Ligand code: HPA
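A single chain comes next, written as C-alpha cells; it is the form predicted alone.
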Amino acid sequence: MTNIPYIDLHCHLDGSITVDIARKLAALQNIELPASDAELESRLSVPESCEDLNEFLECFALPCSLMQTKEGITESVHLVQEYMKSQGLAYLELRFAPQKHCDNGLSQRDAIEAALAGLKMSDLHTNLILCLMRDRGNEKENLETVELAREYLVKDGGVVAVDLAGAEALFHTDQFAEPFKKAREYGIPFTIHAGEADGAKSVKDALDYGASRIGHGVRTAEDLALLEYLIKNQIPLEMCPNSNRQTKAVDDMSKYPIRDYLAKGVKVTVNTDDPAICRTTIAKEFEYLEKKFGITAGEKKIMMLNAVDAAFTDDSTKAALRAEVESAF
C-alpha cells in the first residue's frame, strides 16, 4: 500500500480541539487556559476510566467556550483542517451545532458563515454537517438550524447535510420528528446519531425519518431484521471504534461487531468521532482494528470505498477519491 488517502465522515469540530489548537484559539481571543499542558489535555480528552457517553460529553465544554466569536470559529475550522490534513486525510466531513456557538451574542447564521470562512483557509477537501441537538426546550433552535441548512445547502464545498447529536439515551430519537420532516421536505441529506448510547430502536427511528446514513449504529444487531434492512438498502454506518470503547457503547470490545457487520455486507465506514477527546487519529482507528480484530488490507479498502460512496459530496469528488483509494491499494 502507498500513502492512504483517508476519509473521515464523522468528526465533530468541538471534539477535534487539541492542546495546540486550544492554545492558538485562546491567544487569538485573550482567553486564559490552564498553564499546564497536562491539565489542559485532561479537560480536552477523556480518561481511560470514562464511565459513559454523558461523561464523554462533558469534554465539549472547554472547546465550545473557545468558539463563541466569529474569529474563534473560523480559526478553529482552519486549524482542525490543517491538523487532519497532517494525519493523511484526503476528505473530511466536519460537523458542528451552530446553536452551541451563540452564548456571547452570535446568531446561528453568524456561526455558519464563520465556519464557511474557515473552510476557505485550507486546501483539505472539507464539507460541513450542521448538527441539531438532543435537548429540552430547544425545538426552535433545531428548526432554525434546518432552515439555515436549506439556505446554505450545496452539493460540495460548504454545508452538505444535517445531523442530530447529543445525549441519545436521555433524549430519544423518536422525539425529533418535526425538524427531520422539514429536512426531508427541503431535500436536505441527513445522518443521525443512533444505536450508540441507545438501542436498535433509535436506528429504526432514524431510518423512519429518512436518514441516509447512521452515526455509529453499533447496536443495530440487537434487531436482526433491522440489520437485514441496512444490508438490503446499503445504509452506511459511520462507525467510530475508539469512541465506542470509551463511551461504553459496547461493554466488551472483543464483541465489537464491525467485522461481523462487514462480513454480512453492511456498508461500514471507519471514523474518528472526536479525535482530540478520544486521543486518536483515523490511522490509529484502522491500526486498532487491525490489531484487535485482524482487519485485512482488503477489508480496509472495502471500508474506505464505502466511505467514498457514503460521502455527502458530488459525483466528481467521489470519482477522484475512489481513484485515489484504488491506487493506494
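Counting begins at 1, following the sequence as shown. These numbers were taken from a predicted model, which means no experiment stands behind them.
From this point on, the text means the form predicted together with the named molecule, which you will not see here.
Check: Between the options 289, 66, 303, 57, which residue brings a heavy atom to within 4.5 Å of the named molecule in the predicted complex?
Finding: Flagged contact: 57.
Next item on the list: Consider the chain as shown here, without its partner, and state which of 235, 227, 165, 124 has a heavy atom within 4.5 Å of the named molecule in the predicted complex.
Entry: When the named molecule is considered in the predicted complex, the option within 4.5 Å is 165.
Notebook entry, point to check: According to a 4.5 angstroms non-hydrogen atom cut-off, is residue 93 in contact with the named molecule in the predicted complex?
Noted result: Contact with the named molecule, no.
Margin query: Although the partner isn't part of this model, could you tell me whether residue 243 comes within 4.5 Å of the named molecule in the predicted complex, counting any heavy atom of the residue?
Written below: Although the named molecule is absent here, residue 243 would touch it in the predicted complex, with heavy atoms inside 4.5 Å.
Next item on the list: Examine residue 101 and determine whether its closest non-hydrogen atom to the named molecule in the predicted complex is within 4.5 angstroms.
Entry: Close contact is absent here: in the predicted complex, residue 101 is far from the named molecule, nothing within 4.5 Å, heavy atoms only.
Check: Taking heavy atoms and a 4.5 Å cut-off, does residue 216 contact the named molecule in the predicted complex?
Finding: Yes, contact at 4.5 Å.
Next item on the list: Look at the stretches 101 to 109, 189 to 197, 250 to 258, 70 to 78 and give the one with heavy atoms within 4.5 Å of the named molecule in the predicted complex.
Entry: So the stretch in question is 189 to 197.
Item checked: Contacts with the named molecule in the predicted complex, stretch 3 to 22 (heavy atom within 4.5 Å) -> If the 4.5 Å heavy-atom criterion is applied to the named molecule in the predicted complex, 3 to 22 yields only 12.
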